[in-house]
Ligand SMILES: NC(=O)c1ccc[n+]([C@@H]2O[C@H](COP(=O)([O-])OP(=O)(O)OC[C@H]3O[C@@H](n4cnc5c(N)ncnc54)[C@H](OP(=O)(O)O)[C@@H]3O)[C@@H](O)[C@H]2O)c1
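A single chain, nothing else alongside it, follows as structure tokens in the form predicted alone.
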């Protein structure tokens, strides 16, 4: 079944905006959802739509709006999210919960709003933008890793539940990508405490990860990986774009966990 109409959450910037542009260039009709309902770079080929993934009613209304205009929805790219930085020790419960609100429960609301449509049609595609950090944990980003690991598990469990329904799931695991994500990162109160026992360690760590992100791959690499899956007859369940990150993912699976953590400690502490 050809993919013609696609909804992308977090579609106004970064990976979402790149994906919207590349899918539109491929002839797909793209609805780019964001809270403001506007594109950072206006385009006549992409339709902005207002949708707060944390609001169940707003999410349902956005899907209904697309159905009224198009009569069907072929795929959803679940991409909206943000990151927080800080040590596990001292992070407030409300800070940890905020990380899960958009990244996990917002994704869940989006998927649940689209599933009845896909089931009625007998076809549909769900692509969830996770992270290589769902399988590779870094210090002071434990909550981001946790939420992305949860999202990966959700996607792969859902793929089993939907077997035989005509609905497919794929999780995309980007590595470092040069987007506005770095500048938008939120910091926990504990990470900004001058008396923190992790102060010097965090300073070294943050310098390293921000450099990696700013020198990361273009969001177009991830967008093209998403397009490739949407054009395939059968989507891959898990995709790690770019060869170097594929190798990292492979090594994480085969090496003892203590070896992996030792190497990460040398690199990021």
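All values derive from a computational prediction rather than experimental measurement. Residue numbers count along the first chain shown, from 1.
Here the subject shifts to the form predicted in complex with the ligand, a form of this protein not shown in this document.
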item: Options 178 to 186, 116 to 124, 88 to 96, 192 to 200; stretch whose heavy atom lies within 4.5 Å of the ligand in the predicted complex; value: 178 to 186
item: Three-residue site 108, 153 and 229 fully in contact with the ligand in the predicted complex at 4.5 Å by heavy atom; value: no
item: Residue 140, heavy atom within 4.5 angstroms of the ligand in the predicted complex; value: no
item: Touches the ligand in the predicted complex: residue 73 (any heavy atom, 4.5 Å); value: no
item: Contact test in the predicted complex: residue 220 vs the ligand, heavy atoms, 4.5 Å; value: no
item: Heavy atom of residue 102 within 4.5 Å of the ligand in the predicted complex; value: yes
item: Contact residue in the predicted complex, chosen from 35, 242, 238, 224 - any heavy atom within 4.5 Å of the ligand; value: 35
item: Residues of 129 to 166 having any heavy atom within 4.5 Å of the ligand in the predicted complex, listed in sequence order; value: 129, 130, 131, 144, 148
